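Quick heads-up: it's one chain on its own, the form predicted on its own, in structure tokens.
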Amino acid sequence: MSDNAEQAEFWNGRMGTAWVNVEDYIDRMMAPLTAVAFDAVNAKPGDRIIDIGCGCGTTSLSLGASGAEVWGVDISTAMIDRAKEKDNAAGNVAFSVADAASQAYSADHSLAFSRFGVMFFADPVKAFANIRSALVPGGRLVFLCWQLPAANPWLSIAGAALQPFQPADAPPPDPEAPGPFRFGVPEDTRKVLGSAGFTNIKLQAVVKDLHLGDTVDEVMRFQSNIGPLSGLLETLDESRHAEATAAVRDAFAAKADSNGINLEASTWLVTATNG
């Protein structure tokens, strides 16, 4: 059983299918952040890129539009199946169901990229050391990860609204456990990447307003598939489902104006070098 067996089970269960259901929404919402990451990559013909946690393949195909050879890997079969359905007429993008943390690589890739796909490793030092083994000397690592929840109201607002519905004895989140905010603290990220053998490690704050939707209904479609509401509804007594859903709806409705619902997102653009 792989080190990431728990994550494999999670992303090959309900969450993988839910992600496919809202992939267009996610890609549209994340576009301002994705553009910054792509600028840092500066993909070009001759590059060989691994897209880690590629999801439904949009980022891989976008990188491939530069003429680079791209290999998108993800632990979710449902998402890779969706990626393979997309137009890849140029034939320079391939997709595989694989655990990036333990996949055997050939050391001939110029870059490893990820948009929010590297925060879920059970053993991040081991995982990044393995990813580094895929890179040529001087090869680059570029990824986006979330800053801490307090800097991400677009993510934290639902969690705050649902706090009254959480069990009283629920343990506090473990900041070093796999999860969206695993690399929210820069010092921790530098330590992990340095221990994995990377050098020239840099973190740049990237803060953008995300357009969550024109209406609350649009936002709630996402929230009912992905995020703390969808997870809580699996364990919460059914008699409280409507109340919990209304709490999240009201929290987002309070943020709506004539431009829809727009909330701040704070990320780190992380870059590093192999050697």
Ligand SMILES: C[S@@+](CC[C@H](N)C(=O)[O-])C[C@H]1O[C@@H](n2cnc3c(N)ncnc32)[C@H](O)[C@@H]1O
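Heads up: residue numbers just count along the shown sequence, starting at 1. Nothing here was measured: the structure is a model prediction, and the numbers come from that model.
Heads up, the form predicted together with the ligand isn't pictured, but that's what we're talking about next.
- Contact check for Trp71, Val93 and Leu111: none of the three has a heavy atom within 4.5 Å of the ligand in the model of the complex.
- Interface residue remark: Trp154 is not counted as part of the site for the ligand in the model of the complex, having no heavy atom within 4.5 Å.
- The closest non-hydrogen atom of Gly117 lies within 4.5 Å of the ligand in the model of the complex.
- Although the partner is absent here, Ala98 sits close enough that one of its heavy atoms falls within 4.5 Å of the ligand in the model of the complex.
- Not displayed here, the ligand is kept clear of Thr273 by more than 4.5 Å at the level of heavy atoms in the model of the complex.
- Note on the partner interface in the model of the complex: the residue among Leu135, Ala158, Met79, Val192 having a heavy atom within 4.5 angstroms of the ligand is Met79.
- A single residue from the set Phe121, Phe143, Phe183, Phe198 has any heavy atom within 4.5 angstroms of the ligand in the model of the complex; that residue is Phe121.
- With the ligand omitted here, the record of contacts in the model of the complex names 48-56 of 213-221, 242-250, 63-71, 48-56, defined by a heavy atom within 4.5 Å.
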